[in-house]
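Consider the single chain below, provided in structure tokens and representing the form predicted on its own.
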Amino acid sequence: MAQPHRLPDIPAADFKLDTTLASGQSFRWRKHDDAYVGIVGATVLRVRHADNRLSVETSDKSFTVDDAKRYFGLDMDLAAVLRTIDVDAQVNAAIKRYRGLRVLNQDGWETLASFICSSFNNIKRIEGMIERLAQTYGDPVALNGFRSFSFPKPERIAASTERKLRTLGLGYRAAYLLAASRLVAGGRLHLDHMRKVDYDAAKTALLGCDGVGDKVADCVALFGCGKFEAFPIDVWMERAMRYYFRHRRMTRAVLHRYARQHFGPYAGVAQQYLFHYVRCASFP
């Protein structure tokens, strides 16, 4: 078993680890004592945030301080970004309550697969689906007594069958996950390349996947491709957007256009604050 590796403490002011990990962006983190343990690709991380510093223990010596900063969004000037989106009373209230929430920078394939599983689902069931996928198609990983499995490579799922995936509780999502895995494994969907193209091109490519609709495409663009213009809209965001459209008809196209104009190039950050604000208000 690989020996755990401790990174130098990382300056992490203006950061709320617990809020970030609880805001619906990722599904492989668990609270353990005073820390969080999660699997990022094939690496187990144990992270703790205190006194404006992030301590990180990792199962993989190749995982660096820069990797941690990038994953947790600590390479973003959050104060500058929040100034650009703090343009109305509702988002101002969300920022005041949850300041320090950051947008995670995740692997594109893991994000796509995870949010295909998220369709018409709740977080507990999504976590269960992803864990069963990892147990079935991933590789064993461990850190300080914690044992789990890496997120499956697309090739492993592509070699499976819809019937097998359905036995893991994916239901109708099995066909969509299988199709997406085969696109990625076959080189017909280049998720790394989507980081280099603009948001509209990335979203168009994602919408070409069976079972990937508007919301899932925007989640993948935002959390897995670094497209901060992306503005995922689900029932929670429709509730949040009624603040701006009290007596006007809302359509997804209208909401997307309004969000990009109102919040600017970091509309996705505004979305994450509003999403968490409205969802937590409903479930205190």
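All residue numbers are counted from 1 along the displayed sequence. A quick note: this is a predicted structure, and the numbers were derived from the prediction, not measured.
As for the form predicted in complex with the DNA, it is not shown, yet the points below apply to it.
For a residue to qualify, one of its non-hydrogen atoms must sit within 4.5 Å of the DNA in the predicted bound form; all three of S118, R173 and F223 qualify. Checked against the DNA in the predicted bound form, the candidates D107, D214, D86, E127 yield a single residue with a heavy atom inside 4.5 Å, and that residue is D214. Of the candidates F63, Y258, Y36, W236, W236 is the one whose heavy atoms come within 4.5 Å of the DNA in the predicted bound form; the others do not.
Residues with any non-hydrogen atom within 4.5 angstroms of the DNA in the predicted bound form fall in just one of 77-85, 119-127, 185-193, 142-150: 119-127.
Of the heavy atoms in T251, some are within 4.5 Å of the DNA in the predicted bound form. Using a 4.5 angstroms limit between non-hydrogen atoms, R166 touches the DNA in the predicted bound form. Although the partner is absent here, I157 is not a contact residue: none of its heavy atoms lies within 4.5 angstroms of the DNA in the predicted bound form. Contact check for C209: a heavy atom falls within 4.5 Å of the DNA in the predicted bound form. For the partner-free chain shown, S23, G24, Q25 of 20-59 come within 4.5 angstroms of the DNA in the predicted bound form, judged by any non-hydrogen atom.
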